[in-house]
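In the form predicted alone, a lone chain appears below as structure tokens.
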């Protein structure tokens, strides 16, 4: 057990170092940081919402957009680089199981996404805190109290975002375990992200009465197989209106994310076990 953990950690460390050295990671990190820092400048495009809410939504949108691209592309790239360079064959010829290989890839990539989310969350927190101070100073003259920024809520959202991207990574790993080409894995991974974002539509359809039993069964099954990525999208409520967030909502989302990560990792391991390298 200890030797297995050490091998997994070694793969995780190698994957992490390989990922952070890639120009693609640095490029998306810079783009994400630029989007977050420029959110104050784009507040003139807001229509009817508070400034802090617009800044929060703008920053959260950029974080998920670039984070999803990074999760899909980097996961597939790190996996297929081992296959194309035949290094996976060398690694798996040693006392390294395929499950340990996949777990190391997952935790290494997830750690990189954790760094990505942490950096952008810190930048967004600084932007929102700075703008809040300006609004509070202006409020003393106008008498209108702006929404209060919650650093704890931002930390909770960063955790949710990290788990959401972790779910994306495991889905892509499951696709990579069965796919033969990098392009196919990226396309299918991107489609899975879109399906996860729109999964709530299927859930709403399930809740509506229908005379077609087969259709309802299909929607019920697909709404459970595909994770609902929208359940992690409560950033503005956490950051600005933490009192309005239902009790246990964060824990429920984290638990759901953990369940899907384990489920897709098990699926990836079962598929990869039968794959010819």
Partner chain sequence: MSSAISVQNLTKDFRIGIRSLKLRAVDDLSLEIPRGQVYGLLGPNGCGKSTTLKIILGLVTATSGAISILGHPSATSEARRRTGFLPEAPYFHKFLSGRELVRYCAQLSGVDSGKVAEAVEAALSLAAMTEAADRPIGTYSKGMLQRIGFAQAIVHDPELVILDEPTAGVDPVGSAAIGRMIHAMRDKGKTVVLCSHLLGQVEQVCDRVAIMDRGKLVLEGKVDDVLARRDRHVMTIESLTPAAREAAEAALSAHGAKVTSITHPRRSLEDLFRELVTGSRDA
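It should be emphasised that the depicted structure is a prediction, and the values quoted were computed from it without experimental measurement. Positions refer to the first chain, counted from 1.
Although it is not shown, the form predicted together with the partner chain is what the next lines describe.
Site annotation in the predicted complex: the residue of 137, 89, 194, 183 reaching within 4.5 Å of the partner chain with a heavy atom is 89.
Proximity to the partner chain in the predicted complex, defined as a heavy atom within 4.5 Å, holds among 96, 73, 127, 177 only for 96.
Although the partner is absent here, residue 82 lies within 4.5 Å of the partner chain in the predicted complex, judged by heavy atoms. Looking at residue 265, you'd find every heavy atom of it more than 4.5 angstroms from the partner chain in the predicted complex.
Interface membership of residue 270, defined by any non-hydrogen atom within 4.5 Å of the partner chain in the predicted complex, is ruled out. By the criterion of a heavy atom within 4.5 Å, residue 11 is counted among the residues contacting the partner chain in the predicted complex.
With the partner omitted here, the stretch from 96-104, 168-176, 127-135, 114-122 that lies within 4.5 Å of the partner chain by heavy atoms in the predicted complex is 96-104. In the predicted complex, the partner chain lies within 4.5 angstroms of at least one heavy atom of each of the following residues of 1-37: 6, 7, 10, 11, 14, 17, 18, 21, in sequence order.
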